[in-house]
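Consider the single chain below, provided in structure tokens and representing the form predicted on its own.
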């Protein structure tokens, strides 16, 4: 088969790498791709993900069998609806289904209707209403609240507020100054949950849901979860502290209710569904999972630690999902752990410089149990240069979480570029909770 992957980050490089290991794949293409993806697929950087007509022509010209959508924007904008109308197989939710990620309000109402545990919330459709609701919510939950822009905001539209002053400043930025444009015209205000965050990603064909190994992302830029949120500075999988009691609650209260919801509502679903979870009272009898958000695609950098642990052929899972035959698939996973450390350009998630030459990649690849996935890179004159905020995802595999962490950082140490930055504590929360 000929596969086209849409996207340009570390997630997409991992997806391309996984397809490359499939005996069912003849050729892999990627739009727009990056420097590292160029080594594993034929890239077409001249086409933008918003140019659906050009993507359609590319699909026809290259005789693509399946289009696999990586990032959320094309799904939310309806690429599946568009390409499917021409008889093309697209691994992605429809525009309507992608509202689960594209609208926080739609998602919260869906969770509430179908008894999927989530934080208590209210919705504000304008600035004056939001100011009143903030004070009411703080009276009910004085420990803090969370404000969420309704639409997509590149991972920056969720803000935790510990005081009313903080919250009022946030809603002013979102709703009056419109820093997220139309995405912040409406907001969700909810109780701040306290606990341990985890990610659970699953394949879903509208009738069956197949969860992958759980993982934990590290969103904030600095060690010990300080500083502003980023797209993700690292991840590890699986989580060594998940009890059978918690897994049962996640299955019964979240996965099963999600399937019931998409069937009952007529929404249906086809593709990957991501559950961002908060676990309160971990390892206690009353431990409780809550859904923070849905994403309608693989997470980044969670994909970089999850897909290497999946033994199954990604092509077979993809086809089964598209044909509503997931019930025939039995997922198998490696018994190893994986840790991904993201190397970023200093200044990210704010302003940063690009065009810095990257050295040490060949040496790092020689280490056993190391995988390197490119994100913000480009290849010029046979050299890799930085071209984004998140540059590389360095993955280490190991028989224990500790070994996986050590392997990834060993490779990190030999890769260099000017203004290189990375967190030094990826996976440490897992080790502490394990103890």
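The structure displayed is predicted, hence computed values, not measured ones. Numbering follows the first chain given and starts at 1.
Heads up, the form predicted together with a small molecule isn't pictured, but that's what we're talking about next.
Considering the small molecule in the model of the complex, find the one stretch among 192-200, 125-133, 315-323, 241-249 with heavy atoms no farther than 4.5 Å from it. The contacting stretch is 192-200.
Quick one: is residue 158 in contact with the small molecule in the model of the complex, heavy atoms, 4.5 Å cut-off? Judged by the heavy-atom cut-off of 4.5 Å, residue 158 is in contact with the small molecule in the model of the complex.
Is residue 209 close enough to the small molecule in the model of the complex to count, meaning some heavy atom within 4.5 Å? No, residue 209 sits far enough from the small molecule in the model of the complex that none of its heavy atoms falls within 4.5 Å.
Evaluate residue 107 for contact with the small molecule in the model of the complex, applying a 4.5 angstroms cut-off between non-hydrogen atoms, and reply yes or no. So residue 107 does not count as contacting the small molecule.
How about residue 148 - does it come within 4.5 Å of the small molecule in the model of the complex, if we only consider non-hydrogen atoms? Flag for residue 148 set to yes.
Report the residue, out of 346, 255, 292, 329, that has at least one non-hydrogen atom within 4.5 angstroms of the small molecule in the model of the complex. Selected option: 292.
Which of 364, 79, 273, 119 has a heavy atom within 4.5 Å of the small molecule in the model of the complex? Exactly one residue meets the criterion: 119.
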